[in-house]
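There is one chain below, alone, in structure tokens, taken in the form predicted alone.
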Amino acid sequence: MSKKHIFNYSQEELEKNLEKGYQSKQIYNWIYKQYTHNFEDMNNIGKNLRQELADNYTFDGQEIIRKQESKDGSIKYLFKLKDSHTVETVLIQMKPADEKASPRYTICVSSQVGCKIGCKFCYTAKGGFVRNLEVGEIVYQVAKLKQDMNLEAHKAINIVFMGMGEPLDNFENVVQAIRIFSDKDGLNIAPARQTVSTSGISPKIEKLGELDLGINIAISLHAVDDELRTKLMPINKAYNIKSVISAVKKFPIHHRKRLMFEYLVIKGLNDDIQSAKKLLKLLDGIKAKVNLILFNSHEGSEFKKPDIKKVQAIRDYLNSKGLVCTIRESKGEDISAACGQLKEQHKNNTI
């Protein structure tokens, strides 16, 4: 019988599965706070339990095979999985260290090998869909990056499910990963620091909302009418803008939080003030925040990066009307910034 990946399991599951399950807290401490990936090193756990763990569980299954570091402090990692497929994870330095505080980081995790959604602007879509990531393959990305960066166990980080894949298309595994991330005896990443970014699978948005996990949600909107959104995101044929907005309105948010909408600004398509006016009307009555994202040009794309002045005009207009709007600062533009590029370069031996 093949061994099971230890990162697949919540503390409660380990407690149920192990003969001395009451020591699951110590096991979690070793794995997620001490970054120990060898059962023999867990010296406050009895020899018999260490043997039981070694006989039934493994830390093996994926490894870092490429790293690219940006001048802005962001690092892109390429993980090789047990079946030799690869996924990307990005450590984003949101704020550099200064005299008063250490750096602030966000980890962008992948949830699938490839993606089914097929967004026309997305580099990941070029490779098609291969499979969902297991729970442990999602959790390991964060645990390994914290270990690789030698980040203290108590170091607060943010997580965004915004890497390769559509998180809600791998619903059960993503929900389990969220719960494991949140465990106070493990990585202890508060739900309020976790964000699921989705292309807008309306029924799954409602289902996620019903679980009331305390997380944030970000909707990849990118257009203000169904014609353009369908052109950019074929999923809009199944779940149009009206259905997405309806589902989002039911999503529970903390009184200090806002529902986030991602709006990818593409030259000549959605970069005008008229689009901004339609967006304002569309989000009327929603406690929302809009993140404007400048399209990041990549080889083979039919789309172009917009003029920053036009993007600033949209931001200023929306803010003047009371809709909170920011321009997301581009990170890692010097290191294959578009998700999927590092994977493709490794595949083609161009790096």
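A quick note: this is a predicted structure, and the numbers were derived from the prediction, not measured. The first residue of the shown sequence is 1; numbering continues from there.
Here the subject shifts to the form predicted in complex with a small molecule, a form of this protein not shown in this document.
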item: In the predicted bound form, the residue from Arg66, Lys310, Arg50, His298 that sits within 4.5 Å of the small molecule by heavy atoms; value: His298
item: Sole residue of Ile293, Met42, Leu282, Leu323 within 4.5 Å of the small molecule in the predicted bound form, by heavy atom; value: Ile293
item: Location of the small molecule contact in the predicted bound form, chosen stretch of 183-191, 151-159, 73-81, 256-264 [non-hydrogen atom, 4.5 Å]; value: 256-264
item: Asn216 within 4.5 Å of the small molecule in the predicted bound form, heavy atoms; value: no
item: Non-hydrogen atom contact Glu88 with the small molecule in the predicted bound form at 4.5 angstroms; value: no
item: Proximity of Cys122 to the small molecule in the predicted bound form, heavy atoms at 4.5 Å; value: yes
item: Heavy atom of Ser220 within 4.5 Å of the small molecule in the predicted bound form; value: yes
